[in-house]
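Single chain ahead, by itself, as structure tokens, in the form predicted alone.
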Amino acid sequence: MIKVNNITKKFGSHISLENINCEFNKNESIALMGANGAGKTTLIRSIMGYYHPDAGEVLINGKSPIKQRVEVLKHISFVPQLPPPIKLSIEELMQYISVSANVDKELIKHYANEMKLDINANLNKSFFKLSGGMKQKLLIAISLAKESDIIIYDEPTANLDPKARDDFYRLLKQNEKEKVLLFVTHRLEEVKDLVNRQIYMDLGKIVSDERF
């Protein structure tokens, strides 16, 4: 589903990714790890087409996330480490997601409820003014409601309390079949029961890639 072929990405004289090769396929749950500056975020942004590699290419289901960006992003859900500064109310945000990505608003509400987030009581609240935990729960609910083939989470449990983390893991277990789940994380122990593959990056290279 995701093929990364010999990609190199530079920022000025700094090499963020150096000749990276890897594939991510259906039914794989991957922990992508490494110290700050290892290249994890650059790899994710290259997969999503935010960054254009200086060499090599990325293909999502055989398509370029740069040249066929709209089509590719239909198949990807992404939850960033830092929630975006969205000024829309929850109701407006759900309407936008519903129209732009063809996501069922009732399904968003369902997953939010599973995450113990009462959508109906907060419909008129600005997303920007929600607590970190509430933002994270809503973004996770949207990512699951989109029913994407590929779901990417960047430090997904950073703002979640232990009970919310348990709910998150439970929902992922229910929705992992026929998907690629990719977790960018510093804490393997938080996702070790979810993943079947572990990739470690350092200085722009993949230094280990283990399946289990």
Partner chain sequence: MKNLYLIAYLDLKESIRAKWFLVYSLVFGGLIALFFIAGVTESQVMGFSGLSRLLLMYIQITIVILPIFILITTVRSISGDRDSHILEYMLSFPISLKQYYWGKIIGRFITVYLPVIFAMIIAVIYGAFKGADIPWNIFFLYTGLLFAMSATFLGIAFFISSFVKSSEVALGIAFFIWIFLLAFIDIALISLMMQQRVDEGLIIFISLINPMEIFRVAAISLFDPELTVMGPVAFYILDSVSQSTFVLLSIGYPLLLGLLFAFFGYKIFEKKDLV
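Residue numbers count along the first chain shown, from 1. As the structure is a prediction and not an experimental result, all values here were calculated from the model.
In what follows, reference is made to the form predicted together with the partner chain, a form of this protein that is not presented.
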- Query: So in the predicted complex, does any heavy atom of Arg187 sit within 4.5 Å of the partner chain?
  - Reply: no
- Task: Considering only heavy atoms, tell me if Met48 and the partner chain come within 4.5 Å of each other in the predicted complex.
- Result: yes
- Report yes if any heavy atom of Lys87 sits within 4.5 Å of a heavy atom of the partner chain in the predicted complex; otherwise report no. yes
- Please run the contact check for Val70 against the partner chain in the predicted complex: heavy atoms, 4.5 angstroms, yes or no? yes
- Whether Glu92, Leu139 and Ile142 all lie within 4.5 angstroms of the partner chain in the predicted complex by heavy atom: yes
- Would you point out which of 51 to 59, 160 to 168, 29 to 37, 179 to 187 contains residues with a non-hydrogen atom within 4.5 Å of the partner chain in the predicted complex? 51 to 59
